[in-house]
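Before any questions on binding or motion, here is one chain by itself as structure tokens, the form predicted on its own.
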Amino acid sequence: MEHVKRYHSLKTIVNGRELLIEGPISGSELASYRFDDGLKAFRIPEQQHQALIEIADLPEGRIIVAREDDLVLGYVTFLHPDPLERWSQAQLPDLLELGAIEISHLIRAGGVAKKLLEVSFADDAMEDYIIITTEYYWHWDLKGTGLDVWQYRKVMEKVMGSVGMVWMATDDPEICSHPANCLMAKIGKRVPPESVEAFDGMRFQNRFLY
């Protein structure tokens, strides 16, 4: 499968900061930018910056950023699921995982997450993919936002829903380990039925026999 990446961008102002939201960008472009110290939900900022550079250069990898001049203040990633996760078992070339979305506290509450997704899905090539996101409450910045797990879950559903992602049932043990965890997905218009069937097969693997 050829992974087509078409660049899109938009400008917005949040908390007096003029932001350019753009992507997909290359690893070399991302390497030339600075990375805000507040982007530390998954790793220390320097390590996360390097991880995003590597994702950007994967054939299927997509990084969309929100930046003020050369300072990255938010990002979203898309890539094939981790080989250790069940979502990689069928090895579908047309399945991408929204692996991370992170916004600096400097521009929170400005609708930046929705705009990152808006730019991500502006590329018509996204209609060739099943896009999934696995939401685990232990990745959420409950302390920084002051929200409880259910309030945060509601926010996440609203953000993901802005581009047509919907909740989907699954018997994945990690997702089922807490009721706030969830799987959300969007199936592109050009995804073949056999890919959808394979995806459904990964969603449910613990069927009971009667």
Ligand SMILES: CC(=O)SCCNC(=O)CCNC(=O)[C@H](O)C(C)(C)COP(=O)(O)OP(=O)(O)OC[C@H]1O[C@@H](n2cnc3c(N)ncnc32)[C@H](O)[C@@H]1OP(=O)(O)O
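From a predicted model like this one, the values you see are computed outputs, not experimental measurements. Don't overthink the numbering: it's just position in the shown sequence, from 1.
From this point on, the text means the form predicted in complex with the ligand, which you will not see here.
> So which of 39-47, 168-176, 22-30, 60-68 is the stretch with heavy atoms within 4.5 Å of the ligand in the predicted bound form?
Replying inline: That would be 39-47.
> Taking H8, I13 and V72 as a possible spot, do all three reach the ligand in the predicted bound form with a heavy atom inside 4.5 Å?
Replying inline: No: no residue has a heavy atom within 4.5 Å of the partner.
>> I'd like to check something about E135: if you look in the predicted bound form, is any of its heavy atoms closer than or equal to 4.5 Å to a heavy atom of the ligand?
In response: Yes, E135 lies within 4.5 Å of the ligand in the predicted bound form.
>> Since only the chain is shown here, I'm wondering whether I53 would be in contact with the ligand in the predicted bound form (any heavy atom pair within 4.5 Å).
In response: Although the ligand is absent here, I53 would stay clear of it in the predicted bound form, with no heavy atoms inside 4.5 Å.
>> Test of understanding: in the predicted bound form, would A180 fall inside 4.5 Å of the ligand by heavy atoms?
In response: No, A180 stays farther than 4.5 Å from the ligand in the predicted bound form.
>> I'd like to know if G111 sits close to the ligand in the predicted bound form, meaning any non-hydrogen atom pair within 4.5 angstroms.
In response: Because a heavy atom of G111 falls inside 4.5 Å of the ligand in the predicted bound form, the answer is yes.
> Within 4.5 Å of the ligand in the predicted bound form, heavy atoms considered, which of M126, L95, L98, V119?
Replying inline: Partner contact (heavy atom, 4.5 Å) among the options: L98.
> Counting only heavy atoms, which residues in 134-172 are within 4.5 Å of the ligand in the predicted bound form?
Replying inline: Contacting residues: T134, E135, H139, W140, D141, T145, L147, Y152, V155, M156, K158, V159.
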